[in-house]
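Alright, two takes on the same chain below, each alone as structure tokens: structure 1 and structure 2.
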Structure 1
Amino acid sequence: MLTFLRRRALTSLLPLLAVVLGVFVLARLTGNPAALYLPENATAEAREQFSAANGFDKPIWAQLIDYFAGVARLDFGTSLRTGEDAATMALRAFPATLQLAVVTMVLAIAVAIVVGCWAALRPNGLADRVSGMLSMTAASVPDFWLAILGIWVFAIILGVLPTSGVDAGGASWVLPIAVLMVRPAGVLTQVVRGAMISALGSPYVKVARAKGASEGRVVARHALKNAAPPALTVAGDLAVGLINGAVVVESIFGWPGIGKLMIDAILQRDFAVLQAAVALTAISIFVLNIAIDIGYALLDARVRNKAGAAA
């Protein structure tokens, strides 16, 4: 188990580095931000001075070496836009997104398990068809559209929720999370349903049934356990995809998270902040992937055995 994890961690470090490197190069290709940060009629000398002061005049590999040297000292550079330390900005924004993502995923998984199991109990039954339609619809609604519609209906017409922001306590969380979880909940419901249908038809469930276990026990103890690994894998991918949703949702609801920080950094060509934010995101996705692997291994003895044999 430990060797498996160590191996997994080592092989995952490479992608982590590749992401940071890739973002560095791609970001540089979007061009020198001098025009964005200097006054409209700045002189050519001022532009050169700006480039030199921020190291944009050096060849890209030299910038890269500087950058990694800085990262080794945990120095991600300074934001062009705000003059603040880039890592500080990323770390400050991160918890807001993390909290949003965790709550969203927990709720999405809960909804998916309940609805998915219910649907799987009688495939092609009424419950299955209705929940199928709803989950498919949920998985195919544009999030920004849902966000604006949600504000309109719940904040303006009904007046039961705040439009946006984070300082109205629990009520502030409802709309952003509802919008964010619609898609993962829809997709996961379909996955849980599919996995449950095959699990419910499998021999050990039949055995459990034959032994006289109650239907609730069969579903909860036996089938669900076997339906969990595929759902877990999809949930992991969806969690990564949540960052995409977070960009849109955070912009609309004024949520001070990392998705918004990254998109602003791209628009403002604020490379240091973009890199710090991407590195932080990549690290957390790296940790998430390992956590999923552990969860997967714990759930599925076969994986554990195979990995043990391979290592």
Structure 2
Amino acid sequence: MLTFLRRRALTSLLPLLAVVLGVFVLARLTGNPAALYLPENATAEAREQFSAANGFDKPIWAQLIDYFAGVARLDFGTSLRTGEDAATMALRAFPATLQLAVVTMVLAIAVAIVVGCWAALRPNGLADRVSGMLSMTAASVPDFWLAILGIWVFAIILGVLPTSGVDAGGASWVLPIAVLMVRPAGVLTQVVRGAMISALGSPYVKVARAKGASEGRVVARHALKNAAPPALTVAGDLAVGLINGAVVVESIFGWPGIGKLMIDAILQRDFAVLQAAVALTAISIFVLNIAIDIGYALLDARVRNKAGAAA
């Protein structure tokens, strides 16, 4: 298992380095920060002083070397806008995104298990057809469109939910979670349904039923356990997508997470903050993928055996 995890970690380092390099290059394509942080009538001398103070006067290759040297020390520099440490700003914003993603995935998984199992018990029945239509629709609707629709209906017309920010009562959580969970719930419902139909038709389920096991025990103890590995893999991919996809939804709802921080940093050409936010997101996805591999190995003995043979 340890050998398997080491190999998985090493194969993930190259994409992580590519992301770190890519954000450095793409950030500088947004333009010169001096155009935003200095007056339009600023002198050439003032612009040179600004560039020298922030290291922009160096050749691009020298800036890249300084950047990687800082990343190795987990030092991404300071924010051009606030003067605060960029890594600290990213770490402060990330828990809000993580909380949103965790709550969303827990609810999406719960809905998918209930609806997917219900549909799988009677394939091609009314419940299966209705749930299939709804889940396919949910999997296809863009998050930003749902967010705008939710604000229009529940905040503007009905006036029952806030449009942005985070309040103490929890009402501000409703729209972001509802919008973000629609697509994962739709996709996972289809996965759970397919896996459960296959599991319910397997020999070990027929044996359990022949021994007099109740339908609830058959579903929960036998079929669902064996249908979990493919659902876990898809859930992991969807969780990664939630962390990435929360950028747009957080901006729409003014959610103080890492996604909103990225958008603000791009608009303000705050290179250090953008680089820190993207690097933190990439590392979290890296860790999440490792955790998914561990969970998959715990659920599927074939993965454990393969890892043990490789060792």
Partner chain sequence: MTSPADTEEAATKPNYLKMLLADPLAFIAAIVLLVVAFIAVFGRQLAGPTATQGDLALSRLAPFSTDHGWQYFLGGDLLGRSLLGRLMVATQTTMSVSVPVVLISLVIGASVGMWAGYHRGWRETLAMRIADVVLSFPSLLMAVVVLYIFSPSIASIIAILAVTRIPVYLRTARAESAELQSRVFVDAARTFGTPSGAIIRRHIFPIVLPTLLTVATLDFCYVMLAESSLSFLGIGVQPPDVSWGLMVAQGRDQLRTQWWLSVLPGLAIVITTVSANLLASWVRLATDPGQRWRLTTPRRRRRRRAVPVLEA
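Fair warning: this is a prediction, and the values are worked out from it, not measured in the lab. Every residue number counts along structure 1's sequence, beginning with 1. We call the rigid core whatever largest set of C-alpha positions still superposes within 1.5 Å between the two forms.
Pick one: which structure is the form predicted in complex with the partner chain? Number 1 is right.
After fitting the rigid core, is the C-alpha of residue 74 off by 2 Å or more between structure 1 and structure 2? The answer is yes; the displacement is at least 2 Å.
Rigid core superposed, CA of residue 203 - does it shift 2 Å or more between structure 1 and structure 2? No; residue 203 is a residue whose C-alpha shifts by less than 2 Å between structure 1 and structure 2 when the cores are overlaid.
Can we say the CA of residue 271 moves by at least 2 Å between structure 1 and structure 2 when the core is superposed? True for residue 271: a C-alpha shift of 2 Å or more.
Once both forms are fitted on the core, what is the Cα shift for residue 51 between structure 1 and structure 2 in Å? Comparing between structure 1 and structure 2 after core fitting, residue 51 shifts 3.7 Å at its C-alpha.
Between structure 1 and structure 2, C-alpha offset at residue 31 (rigid core aligned, Å): Core-aligned C-alpha shift comes out at 5.2 Å.
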